[in-house]
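Two forms, one chain: they're shown below as structure tokens, one block per form, named structure 1 and structure 2.
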Structure 1
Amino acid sequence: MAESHAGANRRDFIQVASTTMGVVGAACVAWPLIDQMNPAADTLALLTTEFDISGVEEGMSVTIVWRGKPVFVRHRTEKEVEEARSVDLDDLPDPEVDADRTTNPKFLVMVGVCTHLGCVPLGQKATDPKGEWGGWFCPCHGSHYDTSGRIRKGPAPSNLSVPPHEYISDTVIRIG
């Protein structure tokens, strides 16, 4: 009986050792496959963009690039802020309060891509048509945006999106 008990212990040890080696081998094969799915270093570098707004004068708009997309930064005038805040939400196809779109009412930060077909709306330059509400105008299909980037007229289904951003100082915005 002692011989069969010793054989059982030996068989149990071989099974445990084989299973352990199989799990370790599977992990060694799986790790590189999983790790290669992580974003590359150049992609990670594009996650955030910092921009100094101190050079953007009142009434001026600038375009910066974040994740390969244009981002509009507008230093709004007092009149533009008042117009954006006084809009009746019932008049908007995609109702959104101006205060929810800006962390600082003077500066509006938006992704400058029309929500209809991905065009870049006009309105950044002083000579560009700004649409009926003084914001942005997409000439491809006639979408009009107001001074808060909200859709007011045209086929665009929603407002210009506001990217995640924060003020890391009084004059620097981090987007992303």
Structure 2
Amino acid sequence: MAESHAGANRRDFIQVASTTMGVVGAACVAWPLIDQMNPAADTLALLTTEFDISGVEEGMSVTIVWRGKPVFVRHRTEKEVEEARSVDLDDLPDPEVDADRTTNPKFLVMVGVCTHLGCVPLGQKATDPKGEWGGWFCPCHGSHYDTSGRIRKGPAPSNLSVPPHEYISDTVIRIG
């Protein structure tokens, strides 16, 4: 500290400027080292799955794989659709109408991953517990989903997510 403390001198400026450049440089180097952890190109290439729903009878559920995750396809009964549609939105923790969750009201397609901490909820097999609203039940920490896959009770914060999907023919859907 050769010079007085009064005001910034040229040495202070050089110190601040070079420290700033050092930090910017370090951040630029750090980014590739962090971003390498993100999904690689070949992982991203597996983004769509096609599925023929004609074999899924009314009342049946099928689990398919999309991006390494289970996707539930349920061919709902009249009663299930009715239940899903007659709910008062005020009763839902994450309000969403059933019509917004399906393209074809008979077929509910959603990612079978609990929005709490990622377990696969039960309810796909006839013998599974389906929770208090007859949809799905996550055994990990007790989340109940209704026949539209909406969260009704338990720690999960939101409804089972509906993946982007479209009908590419009358019976084939493409997910992703």
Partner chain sequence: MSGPNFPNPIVRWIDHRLPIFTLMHHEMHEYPTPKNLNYWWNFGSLAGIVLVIMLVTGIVLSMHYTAHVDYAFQSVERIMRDVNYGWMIRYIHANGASFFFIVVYIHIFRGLYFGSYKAPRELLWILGVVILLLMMATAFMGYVLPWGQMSFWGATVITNLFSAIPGIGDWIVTLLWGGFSVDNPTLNRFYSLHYLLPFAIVGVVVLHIWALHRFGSNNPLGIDVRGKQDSIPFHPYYTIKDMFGLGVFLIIFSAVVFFMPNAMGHPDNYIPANPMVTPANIVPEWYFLPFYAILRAIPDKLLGVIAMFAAIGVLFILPWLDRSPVRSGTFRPIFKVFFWMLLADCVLLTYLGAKPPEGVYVILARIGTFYYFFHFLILLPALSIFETPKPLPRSISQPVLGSGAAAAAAAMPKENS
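Just so it is clear, the model here is predicted, and its values are computed rather than measured. Just so we're on the same page, residue numbers count up from 1 along structure 1's sequence. Only the largest set of C-alpha atoms that superpose within 1.5 Å between the two forms is called the rigid core.
Matching the description of the form predicted in complex with its partner chain is structure 2; structure 1 comes from elsewhere. The rotation of the smaller rigid part against the larger one between the two structures comes to 65 degrees. After superposition on the rigid core, the Cα atom of residue 35 is displaced by 13.8 Å between the two structures.
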